[in-house]
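In the form predicted alone, a lone chain appears below as structure tokens.
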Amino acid sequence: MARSNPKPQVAGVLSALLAGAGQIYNGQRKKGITYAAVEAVFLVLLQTALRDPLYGLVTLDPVGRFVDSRHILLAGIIASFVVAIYVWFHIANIVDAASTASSIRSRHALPEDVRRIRTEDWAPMRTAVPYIYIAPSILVAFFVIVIPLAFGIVLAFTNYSLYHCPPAGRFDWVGLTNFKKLLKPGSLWQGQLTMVLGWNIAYALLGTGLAFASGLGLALILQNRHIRFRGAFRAILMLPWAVPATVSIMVFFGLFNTTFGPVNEILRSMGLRAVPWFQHRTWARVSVLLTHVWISTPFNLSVISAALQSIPDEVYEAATVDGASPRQSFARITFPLLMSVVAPILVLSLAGNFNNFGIIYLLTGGGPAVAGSRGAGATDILMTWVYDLGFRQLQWSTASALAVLVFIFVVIFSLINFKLSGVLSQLKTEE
């Protein structure tokens, strides 16, 4: 049975000193013993299985059976997560003891017939059943998503490269050196980063805007009821979406071929000069944008068409009666109502296009080359530059630091666009 009048401060302090002690003080013996057993298991692990990995995480020196720096780092990350989970458990244990004591004191002030509640009746198996069900998926997500993500971030603070590569060598902690190298004003790395980031933002904005504009134009045309076979035209326009993006990109790679591509052949037959699609910076970027618009337009067309069909005809009829022209109806009715529906999708597409790796890598490979660059070409975006640094130049730590900066840029970019589009305020209003 629970104590008649436990003090929350005492319960919290006891649980802070020894997990479960506060629960036992409150009269919850089963829960207290369970919490104490969890702490005992953790302390045993801390002195055995976790000791060497945690030491290796701090020093990156060979310890125990861990010799390879990558294995040392990976084991240390897993061990640190175990420690973090236990810290969360210990804090929850303190909060639970204090809140339970407070609850018991509150019930003690109630009449006898109301406070007949046994706090000892704690069924750990019943409480743990939901967590047992989701445990496999949590473990899979932990080892497939969380651990690789943490490993990639941590590498940014090392000197892991071709010259510090296990098993022949080992790498060490270098702190913020990689970030300073990329962000140092006036350096070649910083100039390269500025060039790539500028094109990356332009590509995301232009690609999203052009694809949306083309989808909107086609959707408005197909919305006209005087056009016959609208369904057939809509099906034809959706075909690029049905074709895998990789296939479409390779088709455009052939179409824009400078020597024998059909586009240049047509230009020559018209007496015009062939366009150096992949050899000139501007034309290479144009080819990337054209390919992006071709692949992305069907998606925008389908979303916009669905949004347009949700606008009641009565609204347009009332506007016509009031003397509104088609242009005024579009500007004051169609577009505002359309944006209220597609704005969140547009913002998500913008964030996705910021990291659109496939088109750049398969179509231009980031080229054409830029004189004096650190591996980044004229059409490289941040993610393709990360790939080039990591898998071609084998500068893994620099690539990891750049990937961390990309993550920060995407978060800031998305927040700005959410703010400008009013998506966050709309979600708060709906809540």
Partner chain sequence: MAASNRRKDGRRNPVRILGIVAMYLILAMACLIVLYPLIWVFSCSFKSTAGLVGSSLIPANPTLANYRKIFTDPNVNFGLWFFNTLKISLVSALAALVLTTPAAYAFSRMRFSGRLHTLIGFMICQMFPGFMAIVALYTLLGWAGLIDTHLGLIILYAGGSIPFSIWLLKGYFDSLPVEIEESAMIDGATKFQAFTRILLPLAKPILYVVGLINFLGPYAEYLLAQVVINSGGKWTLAMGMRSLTVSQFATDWPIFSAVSVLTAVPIVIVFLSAEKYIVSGLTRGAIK
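What you see is a predicted model; the values in this text were computed from it and never measured. Residue numbers count along the first chain shown, from 1.
Keep in mind that the form predicted in complex with the partner chain is not shown, yet the notes after this line are about it.
Per the 4.5 Å heavy atom criterion, the partner chain in the predicted complex is contacted by stretch 219-227, the sole one of 173-181, 281-289, 219-227, 192-200.
Proximity to the partner chain in the predicted complex holds for none of G186, L210 and W277, with the criterion being a heavy atom within 4.5 Å.
Out of the listed residues L57, V63, V406, A378, V406 is the one that sits within 4.5 Å of the partner chain in the predicted complex by at least one heavy atom. Scanning V87, L272, V247, L162 against the partner chain in the predicted complex with a 4.5 Å heavy atom cut-off leaves one residue, V247. Taking the partner from the other structure, the partner chain in the predicted complex has no heavy atom within 4.5 Å of any heavy atom of A79.
The partner chain in the predicted complex comes within 4.5 Å of a heavy atom belonging to F151. In the predicted complex, S106 stays away from the partner chain, with no heavy atom inside 4.5 Å. The partner chain is not shown here, but in the predicted complex it comes within 4.5 Å of a heavy atom of P240. Annotation for 131-145: interface residues with the partner chain in the predicted complex are Y131, Y133, I134, P136, S137, I138, V140, A141, F143, V144, I145 [heavy atom within 4.5 Å].
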